[in-house]
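Starting off, we have a lone chain in the form predicted on its own, written out as structure tokens.
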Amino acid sequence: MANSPRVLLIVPAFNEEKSILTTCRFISEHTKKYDYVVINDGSTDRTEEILTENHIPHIRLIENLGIGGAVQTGYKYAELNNYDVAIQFDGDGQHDIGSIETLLAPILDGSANMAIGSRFIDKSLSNFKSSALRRVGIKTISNFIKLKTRRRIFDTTSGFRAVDRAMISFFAKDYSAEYPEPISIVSALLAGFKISEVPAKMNPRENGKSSISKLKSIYYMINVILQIITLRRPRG
């Protein structure tokens, strides 16, 4: 990879009027050597107005595609603009900007095509702790990913990840609309890509609403497992 790779932060946002400006200003202040683009996923609040008024680089989706569709839009943008690395970075302030260098390391040294920022490798780093029910769900999904791919991934639902150019192209063409974080991991492993987990700090969500409530956790887990079971290794 080039000595000075072009890195893009993909920031999906849906109804993040309370946090998106703070997040973008924080990115601008701390990562001047990296570009970023907000994917406004059909927000119905003032998110689009805030992005436009503050001249924040963004793509407006006219309807809500969900996290999978929004992130895939970012990968398409990264591929069209010849970025070497793309990093998914949440618009709600949960992801720590200081963990980006750690996240980039296995991509830049060529040891991985995808690096996942994990809450479970060094638990002392994160102020954010999932509920007990969600931790059980994550562990269960991790077990099924191990059975399917023979690889153990601990933080299966982490949206804080970096990918190289090959995976940008892969995800630009094929990225799960439903349960994208764990399903994209399985798809990548089945396609022969290398994945690494690195310790990352996660912060509590300050505003907005999580896409997975406590009541949806069991439903989420069952449906993810069913999709994992039915996924097939790509031909050719």
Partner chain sequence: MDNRLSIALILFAIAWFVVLIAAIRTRRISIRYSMIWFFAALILLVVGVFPNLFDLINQIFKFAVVSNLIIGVLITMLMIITFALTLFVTKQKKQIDNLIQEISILKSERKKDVGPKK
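Numbering follows the first chain given and starts at 1. Since the structure is predicted, the reported quantities are computational estimates derived from the model, not experimental observations.
One more form of this protein should be noted, the form predicted in complex with its partner chain, which is absent from this view; the next part is about it.
*Asks:* Using a 4.5 Å heavy atom cut-off, state whether H58 contacts its partner chain in the model of the complex.
*Replies:* Because a heavy atom of H58 falls inside 4.5 Å of its partner chain in the model of the complex, the answer is yes.
*Asks:* Any of the heavy atoms of K76 lying within 4.5 Å of its partner chain in the model of the complex?
*Replies:* Yes - in the model of the complex, heavy atoms of K76 and its partner chain come within 4.5 Å of each other.
*Asks:* Hey, in the model of the complex, is A132 touching its partner chain, heavy atoms inside 4.5 Å?
*Replies:* Although its partner chain is absent here, A132 would stay clear of it in the model of the complex, with no heavy atoms inside 4.5 Å.
*Asks:* Please tell me whether any heavy atom belonging to Q72 falls inside 4.5 Å of a heavy atom of its partner chain, as the geometry stands in the model of the complex.
*Replies:* Result yes; Q72 sits at the interface with its partner chain in the model of the complex.
*Asks:* Heavy atom within 4.5 Å of its partner chain in the model of the complex: which of V198, L65, I27, A188?
*Replies:* Contact check passes for L65.
*Asks:* Let me know the one among I183, M202, V37, I50 whose heavy atoms come within 4.5 Å of its partner chain in the model of the complex, would you?
*Replies:* Residue within 4.5 Å of the partner: V37.
*Asks:* For the chain shown here without its partner, which stretch in 135-143, 102-110, 76-84, 159-167 has non-hydrogen atoms within 4.5 angstroms of its partner chain in the model of the complex?
*Replies:* Single hit among the candidates: 76-84.
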